[in-house]
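Below you'll find only one chain, the form predicted on its own, shown as structure tokens.
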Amino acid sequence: MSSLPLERLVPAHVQGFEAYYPSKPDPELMRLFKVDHLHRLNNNENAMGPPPEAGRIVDGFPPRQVPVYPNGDCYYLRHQLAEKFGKTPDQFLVGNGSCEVITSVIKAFCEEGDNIITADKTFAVYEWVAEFSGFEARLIPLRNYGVDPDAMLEAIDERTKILFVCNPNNPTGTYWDTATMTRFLDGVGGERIVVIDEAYFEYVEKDDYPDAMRLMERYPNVIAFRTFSKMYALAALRIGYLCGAPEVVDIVRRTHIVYSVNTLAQAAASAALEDDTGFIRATRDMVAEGKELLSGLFDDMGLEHVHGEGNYMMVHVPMSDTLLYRKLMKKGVMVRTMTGFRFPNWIRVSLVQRPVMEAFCQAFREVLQK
């Protein structure tokens, strides 16, 4: 039997793309590392769990709803978002996590020969989607751990369609203030799409932090991304959304898969938005306490570390990050190695409740001081 002619069937840009393999399920990892618990500090999850009302929706989801298709375009959730943020429902598009809306935006605006611009050390999915779709991803080096607006502007050419700005940046936590963002948008002009990814928007308390939903009133080429995975702790349900000018969202909608967001995710997200002030405050306090604890640890050990906004920190470690990962896993602590983010021998740590932070500190000291 002849083999498939994959070299002929598969486009060159797909052949050259290196697949990403997620980690194994927690029970498999626990068996592999011979531990009876696992503190998940690798994915910037909110360990407090979802807001109480969203939790009640999850607990009470009726089995009779399982055979029924979800609403195809998240009708009620879009109306709720519009009311909450002073927009119209047609300005919102909800997806199966932010990754899906990233894909929809790139498909909507890019064609052969086009490019996108983003940072070299940022959320990697912008780069991945562009490259496995056959478009060039121009990656701009960070400057002092921050996204460099001037270098991004200099990289623009006539085939640049989209610029992605992760604000605050994952994994460094740096952010552009309002003055920097508006200067950048003025520099871009209105000829290209600017995506401002605000996945960690609800974690930021700085007065000079810009709000992309307000900026789009002045800059109609701005698209804002937000998610329910981070602050609202609905990561397992996979739901995020974009907001933009109606004419821009209408274009993106043409490339967006409908029915991709399940009924439970829609209902839980809707519940999470109701009276979220106290939940957000409690989460911010938890993160601030964790940040203070880990900053003290890293300072005490003389280790370079980076933190800003968001529920995570990075630290430069004096050994291979993958080796440190394995040693911490043997103590039931899972962190994110950062070599894949182009930060060799750094790790990123999620900021969660104090008892888990203290367990991390103890394990980290034990491993590095042996």
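Everything numeric here is computed off the predicted structure, so don't read it as measured data. Quick note: we count residues from 1 along the sequence shown, nothing fancier.
Only in words, not in the display: the form predicted in complex with a small molecule, which the text now covers.
Among the residues Phe298, Phe92, Tyr232, Tyr200, the one placing a heavy atom within 4.5 Å of the small molecule in the predicted complex is Tyr200. When you look in the predicted complex, the only residue of Gln266, Asn170, Ser104, Thr118 with a non-hydrogen atom within 4.5 Å of the small molecule is Asn170. Residues with any non-hydrogen atom within 4.5 angstroms of the small molecule in the predicted complex fall in just one of 268 to 276, 123 to 131, 156 to 164, 177 to 185: 123 to 131. At least one heavy atom of Arg238 is located within 4.5 Å of the small molecule in the predicted complex. Proximity of Cys99 to the small molecule in the predicted complex falls within the 4.5 Å heavy atom cutoff.
Of the heavy atoms in Thr283, none are within 4.5 Å of the small molecule in the predicted complex.
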